[in-house]
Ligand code: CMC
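Shown next as structure tokens: one chain only, the form predicted on its own.
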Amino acid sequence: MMVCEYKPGLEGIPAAQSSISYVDGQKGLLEYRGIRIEELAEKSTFLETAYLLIWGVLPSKEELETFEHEVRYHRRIKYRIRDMMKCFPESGHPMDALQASAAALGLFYSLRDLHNPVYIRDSVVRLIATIPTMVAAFQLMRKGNDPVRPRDDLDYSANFLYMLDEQEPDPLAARIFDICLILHVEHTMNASTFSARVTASTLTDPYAVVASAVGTLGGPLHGGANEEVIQMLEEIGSVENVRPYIENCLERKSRIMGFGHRVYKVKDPRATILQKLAEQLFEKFGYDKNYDIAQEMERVVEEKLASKGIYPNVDFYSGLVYKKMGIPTDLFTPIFAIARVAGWLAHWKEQLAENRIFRPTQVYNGLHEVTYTPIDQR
């Protein structure tokens, strides 16, 4: 019998071959389809980057305009989905609402024509278009308000920010938000992407694929970390409390949210970009204590933990940026999902190309030959 080596969390074990993204954690390198993240953040848009990831090439001007038009046309959601969302409890987390809504969307498009390029494109467009609408709709409906209708004259990111409060966003804020989506859209075989590929390998529909990935992303060890960063900053309260807080964490060997990464042993390149964006945002709209606390935290953590390869990750600065935009803390992870849907769909499409259902083995460590005990003798 073959003996398998057990690796907790499948650490370091390849689960698929992929040409979608590449990470070098020692060099702090992230590429989408071979293009550096720094270049895409500077020159691209979220929808163009989504197209690149899903179809493998940068679109021509005509292809991008067509894709953008299709996404705008499909932003509105079915009234029955809105009615369903109105029945969700106000205290429910937006990630749970999003997971249920994404799964429900599949009820309206139940045909699974996975060999039809038209079905695949329509599914991609519909999910990328409607997920932001669902997030914004639940945010308003849990306050007792009707959702805001999408505006066809606004681009993808500006429209989402508009749907949150019916106020047209500042152009700088909209552009920074769009870059945030680019930075979060894809990151190799993380937990939610693995979940998406496992679900896709059963040949179910893409709505179930996205719903399963949303459920995985919701955990605090994955997408939920940026929510906890803001809670941590508010708990610290002042710059003077930073060093004692970090020293206490180190003494208790507890995790410092927003620092460290399973892959990166240098500063996360996405965090570097986000830090510069945060500086632009705070410079225009005013600095606050959370920004000052975050700057001091990075200095102290680098002083104490840089030798161990622990630096800020993407979650550390993304929460600061979203908070400055006035976005509620519990929407941070759904925004992560808005971006990552395109990455999940890229992996769904790649999985379909050479599919084999995932069926890992296990290392059994239980008992054998146990005798059944009748209920009256237990």
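All residue numbers refer to positions in the sequence shown, first residue = 1. Nothing here was measured: the structure is a model prediction, and the numbers come from that model.
Keep in mind that the form predicted in complex with the named molecule is not shown, yet the notes after this line are about it.
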Completion exercise
Partner contact check in the predicted bound form: of 151 to 159, 136 to 144, 248 to 256, 197 to 205, the stretch with a heavy atom within 4.5 Å of the named molecule is 248 to 256
Practice task
Report whether all of 221, 305 and 310 sit within 4.5 Å of the named molecule in the predicted bound form, measuring from non-hydrogen atoms.
Solution key: yes
Problem - Any non-hydrogen atom of residue 336 within 4.5 angstroms of the named molecule in the predicted bound form - result: yes
Exercise for the section: May I ask you to state whether residue 284 is within 4.5 Å of the named molecule in the predicted bound form, using heavy atom distances? Expected result: no
Problem - Partner proximity in the predicted bound form: residue 314 to the named molecule, non-hydrogen atom cutoff 4.5 Å - result: yes
Practice task
Find out whether any non-hydrogen atom of residue 262 is located within 4.5 angstroms of the named molecule in the predicted bound form, and reply yes or no.
Solution key: yes
Practice task
Scan 293, 102, 129, 225 and let me know which has any heavy atom within 4.5 Å of the named molecule in the predicted bound form.
Solution key: 225
